[in-house]
Each structure stands twice: as structure tokens, then as C-alpha cells.
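Single chain ahead, by itself, as C-alpha cells, in the form predicted alone.
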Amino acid sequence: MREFNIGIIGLGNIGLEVYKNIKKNSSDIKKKTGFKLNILKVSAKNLRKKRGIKIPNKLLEKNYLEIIKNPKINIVVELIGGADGIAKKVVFDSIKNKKHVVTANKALIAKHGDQLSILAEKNGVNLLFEAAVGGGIPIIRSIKQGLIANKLHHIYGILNGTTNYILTEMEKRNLNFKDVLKDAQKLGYAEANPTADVDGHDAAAKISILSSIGFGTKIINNGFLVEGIRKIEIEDIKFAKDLGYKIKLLAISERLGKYIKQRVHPCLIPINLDVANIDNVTNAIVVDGNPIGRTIYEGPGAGKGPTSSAVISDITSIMLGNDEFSFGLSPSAKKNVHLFNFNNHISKYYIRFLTKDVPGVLSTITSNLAKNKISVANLIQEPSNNGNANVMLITHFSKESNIQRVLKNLNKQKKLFKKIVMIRVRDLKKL
């Protein structure tokens, strides 16, 4: 029986879960693949750390470079994290040493994936990263293999469980962002430094990867719109609900001829749209293609269980020889594309103005909108409270550049406007 030997570098929650599940399910893996899978070495920054499980001393490797160089190891599993530093060295050097690599590192793949895939093809090894996007949802393999006969033109969804949990709890418990964020951190759903999640960077890395795989293009990892959820308040969630919408942070990519329209930002979604009722830490991804039409993938987007499942799936895929190319096609076949100029984006817009309750506020808003060819579909004005009032409106379809011009003009008028919140509307008729 042929054997595969792996080395695991990184023994955090995910690395430890991968180790435990391979040990626990080794006989099942052997039955399903026909190959024996051995964990030959593991390495971590602190090997003496108590992890609640006994790892034999013979498996412990203090110097991770020895795992990369070990001629008996076929697959290196990188679970350190981060786009650069040690994680980058582990992956690049492993491939150069003709080791297959499995990683859950979306930041690394989004930044260096094109270069790494070229290197992997040159050295005749696999670079797989199913766990980098969607946790336990096999979205990458679904696009690469299950939808291989389709031409995809639209990928979007909820790709970050932390922000989805925060928005869900804000609505359920009538709390503001900061209060729910604290709870999310206590529960382990949000990091002590939540910037990557709540400011949209995590979702941006994931949509960059999916877009490249889905559309056969080189990775677009910068220059596109990335907005998070920090500015959303409970008032916005209430107004949205009254109008038949829910607020979600969406990662979206579309193929528009020679252009890719890629972005991450909060959206008002009609309550009958597919992803509107995906709550808590769940992820959901929608893929539109021809001839299949629309397919929807839903499941746990993070956590040690789902992520370790995806990592082990990649390991067994290498054992079975199921994956040839990291992004579904040869790196030389990936196209260079231009990023769509988002100033030309057309959408409906939700705008909330927290204003001082003084004469002339409404006329100031409407006159600025009219000057920029923006018409109003809905308008609600709250009664005055302590000298302040909320004016909320939803526009008809308008151009992004015109909306930004209005916001810039009105934000300068500090005596009238204390806060202005804008959220794009995801309309069923014009996604």
C-alpha cells in the first residue's frame, strides 16, 4: 500500500484539529483513498504549550525548516497564517523542495497565489487551499470541478461569519455595533483586533480568490472597493426592516466583458433574496453561470471543525491525484483583466442623515440630489429628539460618482449634518 507522509506547521486551533482528526479517522481515510496517511512531523512556535492532547516527542520538530527539507515528507500543511513572514517562506520553500502544499491562508493566496501557482506547476506539485474560502463549504472544488462545463459571470455572497453574526445580533437584540462586537469577541467569533473582519479585508481576500478561479483571471487583490460595517447603526437596521430589507456585508464579483467588477460592502437586500436570511456565523455563496443557472452554497464559514475538514479534504485530493491546477487551469492560461471603474456603478442607494432639527435641512438635501440628477424613491423623517432628527431616503437608480459628490458636499456642512450613512441597495431587478 502506498503511503503519504505529511508535516504540519502551525498547531493553533486549526492545526491541532487537523492533527486530531487525521489520527481519529486514519482507517476511514485508508478505506476511502486506498492510501495510508501518516503524520511524520509537526512544528509550532511553542512546542511546550499545553494543548490538551499528547503528541509523541518523535513527531515534534522545533525547526520548521527541517520539515520542508525532509525527503520523506510528501505534503506540507501550512496553518500559521498571514500573507508574509514565516507562512510565506514555508509555502514558497516547500514548493521549491517539490512538496505538495495545503493551506488555509487566504491572505497569502490572495497576495501571492498567482506566483505560487506558477511555481507549483514548474515543480510538478499541488497547491490547494479549499479552507481559505467558506470554511467547510467546498466552494473552490465546486467551481473548479463541479462547474467546469460552465461559463461563470457572477459570484457573490456572505463570506465573513464574524460580520454576519454582528449584524444578526444587532437586529435580534436591538443593540449597536460596539456592544455586539464585544460579545462576539468574548464568544471567540471576533479577534481581539477585529479589523480584518469588520473592515471587510477578510471578505476581500476571499472574493479575490473566488473571482480568479471562477473567471479564469489573474488575482485582483487591490484597487477595488472594500467597506466594512463599523458605520452601521441600529437605526439603519430598523429603517431597512421597515422597508422590507436586511443589511448584509456582501463580497461581489461580476464578469462584464473585458472587465471584472469586484467589491466588498454592506448592502440592503430584499428579504426575499437568497442570502437575506442567512444569519449568525453561516456563510452563503451564490454562483451564476451558463448553462447551469444559479447555484447556492451554504454552510459553516469558519471554526476549527469546518476548516480542518476542508484541509483534510485537500490532503486526500492530493493523495488521489484529483487536482492538477491550483486555480482550475494552467497559470499560463489565466487572463489579465481590467478592474471596472466603480464610479460608473449604477444602483439604488440608502442614505440616512442625522441632522440638527433646524429649518432648511430637507431643502438642502433635495437640492443637492437634484443638482446631481438623483431622484428619491422613499423618504422618511423621524420626529425631533433632543434637537436632532433622522432623515432617511432611498434613491432611484443612480450613478456612484453622483452619489459620492452629494455625500462630499453635504459632509462639509457640519452645522447641519452630524452623521451621514450610505448603504448600497441590492435590487432584484438589477443585481
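Note that the coordinates shown come from a computational prediction; the quantities given were computed from them, not determined experimentally. Residues carry their position along the shown sequence, with the first being 1.
One more form of this protein exists, namely the form predicted in complex with ligand HSE; it is left out here, but the text below deals with it.
Not displayed here, ligand HSE is kept clear of residue 90 by more than 4.5 Å at the level of heavy atoms in the predicted complex. At the 4.5 Å threshold, heavy atoms of residue 106 reach ligand HSE in the predicted complex. Although the partner is absent here, residue 100 lies well away from ligand HSE in the predicted complex, with no heavy atom inside 4.5 Å. Among heavy atoms of residue 159, some come within 4.5 Å of ligand HSE in the predicted complex.
Stretch 296-304 is the contacting one of 320-328, 296-304, 210-218, 137-145, since its residues have non-hydrogen atoms within 4.5 Å of ligand HSE in the predicted complex. For the options 197, 236, 314, 78, the one in contact with ligand HSE in the predicted complex, meaning a heavy atom within 4.5 Å, is 197. Between ligand HSE and the residues 206, 352, 248, 255, the one pair within 4.5 Å by heavy atoms in the predicted complex involves 206.
Of all the residues from 379-414, none has a non-hydrogen atom no more than 4.5 Å from ligand HSE in the predicted complex.
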